[in-house]
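Read the single chain below, which is given as structure tokens and is the form predicted alone.
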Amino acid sequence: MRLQTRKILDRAFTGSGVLAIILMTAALLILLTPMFVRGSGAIFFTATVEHRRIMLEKFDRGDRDAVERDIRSARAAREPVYRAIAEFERQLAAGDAAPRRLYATPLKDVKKALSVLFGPEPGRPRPMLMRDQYGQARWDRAQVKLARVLCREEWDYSNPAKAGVLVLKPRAADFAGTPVAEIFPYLQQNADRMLLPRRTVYWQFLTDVSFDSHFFGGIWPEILGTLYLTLGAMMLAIPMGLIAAIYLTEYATESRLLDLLRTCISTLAGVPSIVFGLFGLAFFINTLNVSPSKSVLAGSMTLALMILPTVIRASEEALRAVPRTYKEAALSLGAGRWHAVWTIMLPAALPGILTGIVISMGRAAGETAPIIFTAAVSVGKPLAVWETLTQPTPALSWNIFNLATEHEAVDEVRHVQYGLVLVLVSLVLVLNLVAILLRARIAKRMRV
């Protein structure tokens, strides 16, 4: 090959590599930027007086005098709304039955929408569910609920060529000439006074437990559960994977049976994760009875089984990459086979082994299917270490799926979904970063 042609090919390959890196970086930015922006909204957001009230009553946080002063101010601003509705109800009660029937449903809808926005009217019995005891704690959701107070939704099916079209009609038209008609412009002009929005940094989102199916509170049980499952899986998979890799490379005799065993290990690495979940349920829980039902222990064992092929193959390749002269020199000096493997081969192969462990750790932390049947629940309290042997736990990956697909009020907890995603990705990145730094430090010491 001519020198000029080689230079052209070298430049082409270099350019292709740089272009691939740029495209990959751009793709990651496109995918991760919205996630980080919306996920941070679980911690940095504009909170209403209802959020400060929740923090005071449920978590005993904040300046009590200042919060109670804000609550009194907000209730005073809301009082004209309730007074106008009460006045209209008295007029209806003293009048004919026909107006009562005409306004019964529209008035009920307005009162219900106001209850969602502001919480129950002062003096009324406190509802059972926590979500009904308070108004909107976040300003962005409060604006959505305010729009539903001001307008009602109708579907227009007048055009047979099109599907129904959503039409927003002002509720003020339904109450023209009544005291209730005055509350709608008042709500628009005084929403800030009635909700007192304020920029808030809610770091406790990472350390609080959730209340009322994630309507309020934080995600600490999910973070702790993910750590339990990940660390438990690695504690089980790493020793077994290393022992299997050492046997395959240093002790086993090459044969068709050994080739078949390696093929089976490689095949297991490609088995869908849901299969491991079903196997964990059938074998670890129903057959071995490692726990009465779902538990962190059963989930860790299932995850360990899932990542075991990756640990074995990565460790085996790392051991094979160590020059055989290292082992031969140790044996020639009188060291036994196991002593040579333990003191010479394993330290030399450790950077490659850690690479497999890093990959396996990230997969174990992010998997959902294996823990659906063996370890995960939608809500729960943080577990003590000894409780992991018998109790299930919430986990970041499972709760992301659960909140996005099965929660009864998906839009109300959207910020929690993105917060869970942000924390999961950050947790995996931190775990991987720690492992990578450890691997680099070990490799540096070996070179010295």
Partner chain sequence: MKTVKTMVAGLVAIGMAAGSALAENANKIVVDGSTTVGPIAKAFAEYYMGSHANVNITVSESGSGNGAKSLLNAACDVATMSRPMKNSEKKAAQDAGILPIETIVAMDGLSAVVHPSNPLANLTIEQIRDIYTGKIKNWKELGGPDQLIVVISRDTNSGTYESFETLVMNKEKMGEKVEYVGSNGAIRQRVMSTPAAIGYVGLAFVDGVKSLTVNGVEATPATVTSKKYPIARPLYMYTNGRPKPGTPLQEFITLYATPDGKKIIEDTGFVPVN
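Nothing here was measured: the structure is a model prediction, and the numbers come from that model. Residue numbers count along the first chain shown, from 1.
In what follows, reference is made to the form predicted together with its partner chain, a form of this protein that is not presented.
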Exercise. Heavy atoms, 4.5 Å, its partner chain in the predicted complex: which of 290-298, 200-208, 224-232, 75-83 makes the cut? Say which one.
Key: 290-298
Quiz item: Among the candidate residues Val149, Ile307, Ile219, Ala376, which is the single one with a non-hydrogen atom no more than 4.5 Å from its partner chain in the predicted complex?
Solution: Ala376
Practice problem: Identify which of Glu317, Glu89, Glu182, Asp212 has a heavy atom within 4.5 Å of its partner chain in the predicted complex; exactly one of them does. | Solution: Asp212
Exercise. Flag Asp65 as yes or no: does it have a non-hydrogen atom within 4.5 angstroms of any non-hydrogen atom of its partner chain in the predicted complex?
Key: no
Practice problem: Please run the contact check for His415 against its partner chain in the predicted complex: heavy atoms, 4.5 angstroms, yes or no? | Solution: no
Quiz item: So, in the predicted complex, is Glu406 in contact with its partner chain at a 4.5 angstroms heavy atom limit?
Solution: yes
Practice problem: Spell out, yes or no, whether the shortest heavy atom distance between Pro392 and its partner chain in the predicted complex is within 4.5 Å. | Solution: yes
Quiz item: Though the partner is not shown here, which residues of 43-59 have a heavy atom within 4.5 Å of its partner chain in the predicted complex?
Solution: none
